[in-house]
Each structure stands twice: as C-alpha cells, then as structure tokens.
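Only one chain is included here, represented as structure tokens and corresponding to the form predicted on its own.
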Amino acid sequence: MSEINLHFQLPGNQKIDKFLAKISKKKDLQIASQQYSLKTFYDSFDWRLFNAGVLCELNQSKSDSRLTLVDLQSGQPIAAAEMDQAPRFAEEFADARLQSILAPLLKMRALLSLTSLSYQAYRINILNKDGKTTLRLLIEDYELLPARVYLQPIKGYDKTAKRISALLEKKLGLKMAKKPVIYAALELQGRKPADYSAKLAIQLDPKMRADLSCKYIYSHLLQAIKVNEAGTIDAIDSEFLHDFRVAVRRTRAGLSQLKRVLPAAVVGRNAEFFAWLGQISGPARDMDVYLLNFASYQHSLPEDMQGDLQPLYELIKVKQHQSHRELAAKLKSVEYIGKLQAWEDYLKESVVKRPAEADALLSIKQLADKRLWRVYRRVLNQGNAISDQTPPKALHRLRKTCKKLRYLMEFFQSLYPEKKIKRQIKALKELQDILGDFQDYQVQESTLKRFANEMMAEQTSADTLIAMGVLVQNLRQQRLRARQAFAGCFDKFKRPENQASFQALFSGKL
C-alpha cells in the first residue's frame, strides 16, 4: 500500500463539482457528508513538532471537532481525539496517547496557533457493484488554495485504492501533493515552516570589514530580542524569556569582547542598556527555573516528604507572577522602547569610510582569530589557577569567561571548518555544564534558605520546612559533586591535542 499515492491536489482552476462529476462517470459514489470546516495548525514557537516530523491540526465543523497528530512524511494520522480547542501545554491533554507523544517533544513550550484555513469538507464513499463502500475520499475544498483529495483505504479493498489512485493521476489529471497543505497556508502569510530557531546561524564573509560584520551580528541578536519580546511580556511560556535573555547576554558579550570596532560612546551606552535588561529580566527567569526544576526537587526527596513541598511551589508561583508583571511593565516602558529603537537605528546606519576605531577596518576573520585566541588563553589561565582550595567566586569568573568564549565561537563559526569548530564548541560546553551546575546549585541553596526564612515568618508548617532542609542538603551534595568533577573536566578540556586544535583553528600557527 505504501507505494500508492494517497494525497492529491486539484488543478488551481478546477471546481470541486466538476471534479465530482468526472469521477462519478467512472465510479459509483455516495456523498456521505458536506460541511463547512476550519483547520488550524499548531506548534511551539520554535517548531518542535515540525522539526520532529509531526503536524498538529485541529479540524472543527458543526458536527465534529478533532485534534489530530499527523506524520509529516507519510501524511498518515498518528493519534487523534475529539476536543473543542487545543490545550496550551502537553500535560493539559486529557487523551493519554496524545499527551505521551506531545510531552517529550514540547516539554515546557506552549502550543500556539500558526494559521487557519476554512474549507468545505466532502466525505465521499466509493461503492462497488454490491453497494459496499470500498474506499473513502476526503476532499478539502479550501477558499484560498487548490482543493486536496485524500484517499482513505479500507482493509480488504487495497486494489480499489490502487485503481482510484491511478484514475485520479492518469485519467483525471490530478497531481500528487508533494507537501502538506501547511506549506501553502503559511506561504499565504509570507511565512515558511521552521522560520524561527534559538540557534545562531550567522553567515559571515571572512573578508567583511569588522565594523560591518559586528553590526550584522548585533542585528541578528536584536531580531531575536524583538521576536521573543511579546511572548515574554505575555508570559506565554518560559522559553520566550529564556531566548530573550540569551540574545541580551550574547549582545553584552559582543559589546564587551569586540571593543575598538564600534565607537566607544556607542558601545558604552548600549553596554549599560543591555546590562540593565539582563538585570531586570533575571528575577522572572529565576522563578521560571525553580518551577521547571520543581518536579526534580520533589523526586529528590523520600516519597513520604514529596507532598510537603507544595507550599514552596505556591510561594514560587506567586513570586513568578509578580516578577513577570514587573518585567512586562518595564518592557512596555518608554525607557526600554526608546533605547532599543535607538540601538536599532544605529545598526541600520551605514558604516563610515574612515573609522577612528583601531580594529574597525580589520577583516572579520582577523578580528575573530585575534579575539577567540585571546579569550581561549584566558580560560586556560583562569582554569589553571583553580585548586581544591580556590573560593567559589573563581569558578564563577571562569564560567563567565567560558560563556564569552562560547558566544564568540557561535558568532564566528561560519568562518571556520564546520566539523572542527563544532568539536571545540562541544568540548567547551562540557566544561561549561560542570561550572554551570556548581554555580546553579549554590544559588539554589542560598535562595531556598531565604525562602525558608520568609515561610517561617508566615508560620508555614514544620513538615514543609523540614522537607526544604532536606532539599537544601541534596543540592549541597550535588554542588560538592560538581566541584569534585571540575578538575577532571578541566584536565580533559586542556589536553594537549585540544590545545593544538584550538591553536591551529584560531591562531593559525602551532
């Protein structure tokens, strides 16, 4: 059956009644139903379902409303359930099958409506000489797009499906639909699938002037800030704020590490602005992270203590709402809007022919080599200075330097052989993960102690405070394990072969 084409598209100028008249001359058919319908496609903002090969569509009509997950490759349904509207998060789906598919794909991301199509839905039965239905056709006659015909074979009548498929293609002139209708629906909006990703994909010409290239990089980051702004203000899901903050941090790293390229006054003014953005968005992100981690907090406790943490969840939820409200107000402020617009206006200006900044006229490849090699050596120096007795703040300083190196490598990755730069980014990421765990556990311990003091003043039950105490001890143990793992991880990172690879890649000499 797999070799049979089951999905066709009518020629753009062919009306559905004319098509039905044609096929009725060849086969006995029965129109089982005809009704106005609305098809709405859903996915996360970053296209997690589409990237996993799944389409999510809600088809609504007077008699039926059904959400269906469809295999993007084959066009065949994977799972479906009746419902009037799509829930926002995977865990809100009542249907266990749908939830089991969606939860690992969407994780913390919300389902958002992408686009809708109105159409007349025809359900046609193809009959044999005995009047039995041997094949079903679903015809979707869209208002703005050519109609689609879907063959729905019936078990035991495979030959009918094969004959009708051949009839549609060879006798009635229908074309195989090569792509799902979502492609055409999005094209009506000037969009295409997977048009957003949090991953940086900046293509640079190695010979481009450094000042022009830096403006190009900052423009990409500004776009990421702007597309995540509305979702951050509306608190649709936690990843809008996450991606917003990542773009802000990347911009800050660029402004601090790529000096002597753009005018110092511009860099200083905007470094201050983006530092402010990082500061005002931090509390809301912290609360998001605590809530995202909450299930793991509970599971780290003995089973009979897990329920005792619920008051902590309620406290964090209240703080999350409050911090998001405060952040939204600041992102709607004249100060934020004016400074972001001024930054955008500056990035759109042409570069001057004879800039005063020392590195502005370097090629971007020269600048990238110079900065990456310098920051890489700083990572080695800071890491080599850390011993078992070194205070935590030294590890935090190294973590921040690693972040700067990571961001620079991501900015400039198109200038280097893909496999080699990705290998070095991966090696750096392993070190970053250990340093990040160490810092995060320390911050979480401190914050939970502060929350415990607040809750004690509110006369929270002793059981909850005891459970929080156990949780703090668990986090402390995890922090100590991360601290112990650092030395081995850093030794791996600074292996001679790794150093040689970095040197060959960024300094051009061995």
Partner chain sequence: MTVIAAYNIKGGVGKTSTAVNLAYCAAQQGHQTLIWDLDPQGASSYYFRIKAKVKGGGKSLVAGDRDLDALIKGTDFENLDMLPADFSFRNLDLRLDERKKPTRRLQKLLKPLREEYQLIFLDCPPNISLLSEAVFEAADILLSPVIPTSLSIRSLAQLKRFLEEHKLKNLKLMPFLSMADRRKKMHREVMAHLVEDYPELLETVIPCASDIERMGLERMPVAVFAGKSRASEAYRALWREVEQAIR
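Positions refer to the first chain, counted from 1. If you're wondering where the values come from, they're calculated on a predicted model, not measured in any experiment. In this text, the rigid core denotes the largest set of C-alpha atoms whose superposition between the two forms falls within 1.5 Å.
There is also a form predicted together with the partner chain; it is not shown, and the following applies to it.
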Contact check for 66, 130 and 155 against the partner chain in the predicted bound form, heavy atom at 4.5 Å: yes
Contact with the partner chain in the predicted bound form for residue 163, defined as at least one heavy atom pair within 4.5 Å: yes or no? no
Flag residue 400 as yes or no: does it have a non-hydrogen atom within 4.5 angstroms of any non-hydrogen atom of the partner chain in the predicted bound form? no
Classify residue 136 as contacting or not contacting the partner chain in the predicted bound form by the rule of any non-hydrogen atom within 4.5 angstroms, answering yes or no. yes
Hey, of 307-315, 244-252, 409-417, 147-155, which bit sits against the partner chain in the predicted bound form at 4.5 Å between non-hydrogen atoms? 147-155
Look at residue 125 and decide if its Cα position differs by 2 Å or more between the shown form and the other one after superposing on the rigid core. yes
Please say whether, between the shown form and the other one, the C-alpha of residue 152 moves by 2 Å or more once the core is aligned. yes
